[in-house]
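This document starts with one chain, in the form predicted on its own, laid out as structure tokens.
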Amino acid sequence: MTLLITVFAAVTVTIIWYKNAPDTSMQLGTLSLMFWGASIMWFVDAVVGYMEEGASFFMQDAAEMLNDLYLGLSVVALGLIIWLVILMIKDPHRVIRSLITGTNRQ
């Protein structure tokens, strides 16, 4: 479940990044790479789990699937929070700078 959630997030952000390809001000490439990295991590986890436990690795009960759902959503939320912090630091549209200095955005 965690693999599916992060892959869907990675594909979605990659499509949005590709549509806005020349504009890199919103750091969507960074967000895309974070989600693809998480997807690779969960894929490796699934492969190792399958090697250790066999097909029973994929036979989960409802409680385990719910835990995996929460974990996948938490990973996506953490990636979005990190991306927002990066945006606030870089401040591509100078929003935070104008709030601090009290000047209007131009």
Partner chain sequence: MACFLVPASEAVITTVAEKIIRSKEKNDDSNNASSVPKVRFSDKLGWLNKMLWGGSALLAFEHIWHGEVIPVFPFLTAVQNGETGEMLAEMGTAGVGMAVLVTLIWGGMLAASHVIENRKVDISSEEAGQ
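Residue numbers count along the first chain shown, from 1. Remember, it's a predicted structure, so these values are computed and weren't measured experimentally.
The next section is about a form of this same protein that is not shown, the form predicted together with the partner chain.
S.K.: Val48 versus the partner chain, in the predicted bound form: is there a non-hydrogen atom within 4.5 Å?
M.R.: Because a heavy atom of Val48 falls inside 4.5 Å of the partner chain in the predicted bound form, the answer is yes.
S.K.: So in the predicted bound form, is the partner chain close enough to Phe57 to count as touching (4.5 Å, heavy atoms)?
M.R.: Heavy-atom contact with the partner chain at 4.5 Å: absent for Phe57.
S.K.: Hey, in the predicted bound form, does Val44 get a heavy atom within 4.5 angstroms of the partner chain?
M.R.: So Val44 counts as contacting the partner chain.
S.K.: Against the partner chain in the predicted bound form, would Met26 count as a contact residue? Criterion: heavy atoms within 4.5 Å.
M.R.: No - in the predicted bound form, heavy atoms of Met26 and the partner chain never come within 4.5 Å of each other.
S.K.: Out of 69-83, which residues reach within 4.5 Å of the partner chain in the predicted bound form, heavy atoms considered?
M.R.: Contacting residues: Tyr70, Leu71, Ser74, Val75, Leu78, Gly79, Ile82.
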